[in-house]
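Shown below, as structure tokens, is a lone chain in the form predicted on its own; questions about how it binds or moves come after it.
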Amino acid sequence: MIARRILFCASEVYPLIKTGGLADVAGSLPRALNKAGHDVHIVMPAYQSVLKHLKRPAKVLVETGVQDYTVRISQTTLPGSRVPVLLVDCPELYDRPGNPYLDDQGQPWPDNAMRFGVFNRMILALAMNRCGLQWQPHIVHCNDWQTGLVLALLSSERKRPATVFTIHNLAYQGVFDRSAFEQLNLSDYLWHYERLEYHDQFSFIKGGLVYADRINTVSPNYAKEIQTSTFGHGMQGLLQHRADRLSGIINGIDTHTWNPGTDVLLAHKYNKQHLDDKLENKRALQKRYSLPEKQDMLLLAVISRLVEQKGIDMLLAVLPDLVKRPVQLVVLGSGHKLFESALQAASQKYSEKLSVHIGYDETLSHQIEGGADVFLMPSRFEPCGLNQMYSQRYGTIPIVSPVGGLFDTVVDASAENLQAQTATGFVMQQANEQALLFAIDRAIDLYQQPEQWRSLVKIAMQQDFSWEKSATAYEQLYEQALRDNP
């Protein structure tokens, strides 16, 4: 593969700042591409928390004016790597505490259009080598609505780089009113329903969807789903129109952090040759959650935001039937107060079967993956999902809804797939209560056949969900974008 210069544009990057899966991708994919020989630069806003995270001050490379603001571009490196990170620094726009998108009341910052409009204009300047850095990318890779305007701005440039736009969650679209469009001094040409106008408003994400050379999502199945009215959030027609440029690439996982053979957070390290040590983790998890230490009980687990999207209401609906079965359930998560309270009340009622920890605990999340037998993900939609991949790596069999990346990453334990030794979990027939309970019953039946269960666990642990594999797919996508670039 030819080494390319890649400008990777994201509004959050782990470990500098994280609110969701985008940060994980932005912190991992550039590393994998860098290891493959590409010259990758990340660009992101210099939020207050990002600057505080740095061990030494970022080096100021250039200072310029954008939209009546003074903006600096500073450079640091992604922690634990050699990947340069370019920080778009404008204290008036980004020097704010907490969430990068929301104020302390949980509402979007009122000037988000300007905040990310300025960010996008600086990306444009970097992409066209107008910042005096003597570095121009072959590829500009933008992610989610916060960078969607870049593709529209680049569309009028001669000899521009090729462009890729990744949708991590189509539900968030960066929609603002006409006045925001005017404040950003955008060309009137762009105010059109085939460009940035969206029902008399202005949509950042349409910039990516209309103008990118290549569009991708974080799983092949989600790429199909977002072309339907159920998952398209009003953009399905546009995505159908651009279907020849749309594809899906599964996110990778950090296989160093999530490795049961080296995980220091586990009570006992193990691998597929030493599965008896996984049983020791099960005992340790039952003890920590104050559940009876019974090996014959199928230990189910949930690590999740406790919201309707994740199917928590389905889980609550089946609990009275579930506790009659030879299972135990541990839950770790936080979210809707109604769900938190209902789970806590149920844990008191069914104390020998259900234990709940409200909040998030990184150590406990590893111990759950290592100790549980089954991981439940009955999501209503899931662009990619990560826990189903962590679970397979840890030999914790996932039960998932047939949506998004869950459908792409879990092979159902049908009789045919078990015989072919390709099964890695249980895929629900639909995203509803009956299908969830039926899938759990299938898991109980197989768990009572130890040899079959052990074989399923070993096959799940053999799956390759590394970023290196995903990076190869992105390399191919970049080459397609370069061929498509007029």
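The first residue of the sequence shown is number 1, and the count goes up from there. This is a predicted model, so every value here is computed, not measured. Between two forms, the rigid core is defined as the largest C-alpha subset superposing within 1.5 Å.
Missing here is the form predicted in complex with ligand ADP; even so, the following discussion is about that form.
Judged by heavy atoms within 4.5 Å of ligand ADP in the predicted complex, the contact stretch among the candidates 201-209, 302-310, 223-231, 125-133 is 302-310. Exactly one listed residue, out of 117, 161, 385, 395, brings a non-hydrogen atom to within 4.5 Å of ligand ADP in the predicted complex: 385.
Proximity to ligand ADP in the predicted complex, defined as a heavy atom within 4.5 Å, singles out one entry of 346, 238, 154, 377, which is 377. Mapping the unseen interface onto this chain, residue 339 falls outside it, with no heavy atom inside 4.5 Å of ligand ADP in the predicted complex. The closest heavy atom approach of residue 334 to ligand ADP in the predicted complex falls within 4.5 Å.
Contact annotation for residue 326: none of its heavy atoms lies within 4.5 Å of ligand ADP in the predicted complex.
None of the heavy atoms of residue 181 is located within 4.5 Å of ligand ADP in the predicted complex.
Along 341-363, these residues reach a heavy atom to within 4.5 Å of ligand ADP in the predicted complex: 359, 360, 361, 362.
Core-superposed comparison between the shown form and the other one: the CA of residue 308 exceeds or equals a 2 Å shift. Shown in the overlay between the shown form and the other one, fitted on the rigid core, is a CA shift at residue 111 smaller than 2 Å.
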